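The chain that follows stands alone, in the form predicted on its own, written as structure tokens.
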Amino acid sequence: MQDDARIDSNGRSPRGGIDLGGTKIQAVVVDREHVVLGQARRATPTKGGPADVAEAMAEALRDAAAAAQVQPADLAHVGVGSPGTVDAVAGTVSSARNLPDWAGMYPLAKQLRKRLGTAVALGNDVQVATDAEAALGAGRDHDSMLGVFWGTGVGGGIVLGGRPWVGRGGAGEIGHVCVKVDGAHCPCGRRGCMEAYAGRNALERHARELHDKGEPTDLFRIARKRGRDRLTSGIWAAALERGDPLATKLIDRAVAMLGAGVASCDNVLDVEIIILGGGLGVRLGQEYADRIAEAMMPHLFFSDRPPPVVVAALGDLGGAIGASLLTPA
């Protein structure tokens, strides 16, 4: 039986939230005060397709519900923050290219509803994390903010006048701001995007190419020791702490490109605060937020009043907590 603290003012059960990332799936169950009652994490499948990812998401939510001592079907609803093109009304996700074989459209809400037995709401992963920071985290005292989520890719979320700005559905794709004309190939298929230099997928690809050509690095040794087949944020952080030359070179370049790209976005938006989240952003912390702020300075038009750059207050759980704020269409 649930205690009274786990029932909201309308008599509804707690809510679930799932943050779908390129390397991990984070799930939470929260109460009406957004306190996390249970959480769980699963690795994002690297093979299979959308159905395999959906099952891993359901398993993560079941684990979080078990930790909160509730059943998934007893939740008021489950919100999902997903990469790709999200149609919240239709409940579909398409073009989630950082996930295995997910180029086409997949009815994610329907499939999760079948697995979990409760209503499911969908939103863009970065925007829901930005909304969570605006409502509950580092942006709660500001009317405008830019969320920069540095992880598998580089995503952005925008709040203007206290409200999310999604444009016609594609606002916030800051990872695809061009920072070098005819530059490096981006996973999106274009050249010179900020994500081509700073996204973890692109960083790993470049690291493998340079290592194969003979450049020394401990990155892949650390990954093998940890039983990982991907270079996670923790592996990059560990390599940087050891002073690994290749990791240092690539992250230094990423910081420079983030500085140029984020400054360009701020020249257009002129926000009050920039919040750094995502796997790499949170793991590397305020030291790297400060470095990005410094890298922005040569590119800011109003360099006499730069916006502060701070790490997301909700940390790794921000995306999942933000997803829990969604309501079914």
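Nothing here was measured: the structure is a model prediction, and the numbers come from that model. For every residue, the number given is its place in the sequence shown, counted from 1.
One more form of this protein should be noted, the form predicted together with another copy of the chain, which is absent from this view; the next part is about it.
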Heavy atom within 4.5 Å of another copy of the chain in the predicted complex - the one residue of Met257, Ala202, Leu116, Leu250 that qualifies: Met257
Interface residue in the predicted complex among Val166, Ala103, Ala73, Val89, criterion: non-hydrogen atom within 4.5 angstroms of another copy of the chain: Val166
Option from 58 to 66, 37 to 45, 264 to 272, 282 to 290 whose residues, in the predicted complex, bring a heavy atom within 4.5 Å of another copy of the chain: 264 to 272
4.5 Å heavy atom contact, Gly155 to another copy of the chain in the predicted complex: no
4.5 angstroms heavy atom contact with another copy of the chain in the predicted complex for Gly161: yes
4.5 angstroms heavy atom contact with another copy of the chain in the predicted complex for Lys180: yes
Touches another copy of the chain in the predicted complex: Leu231 (any heavy atom, 4.5 Å): no
All of Gly21, Gln26 and Leu325 within 4.5 Å of another copy of the chain in the predicted complex, heavy atom check: no
Contact set, 55 to 85 vs another copy of the chain in the predicted complex - heavy atom within 4.5 angstroms: none
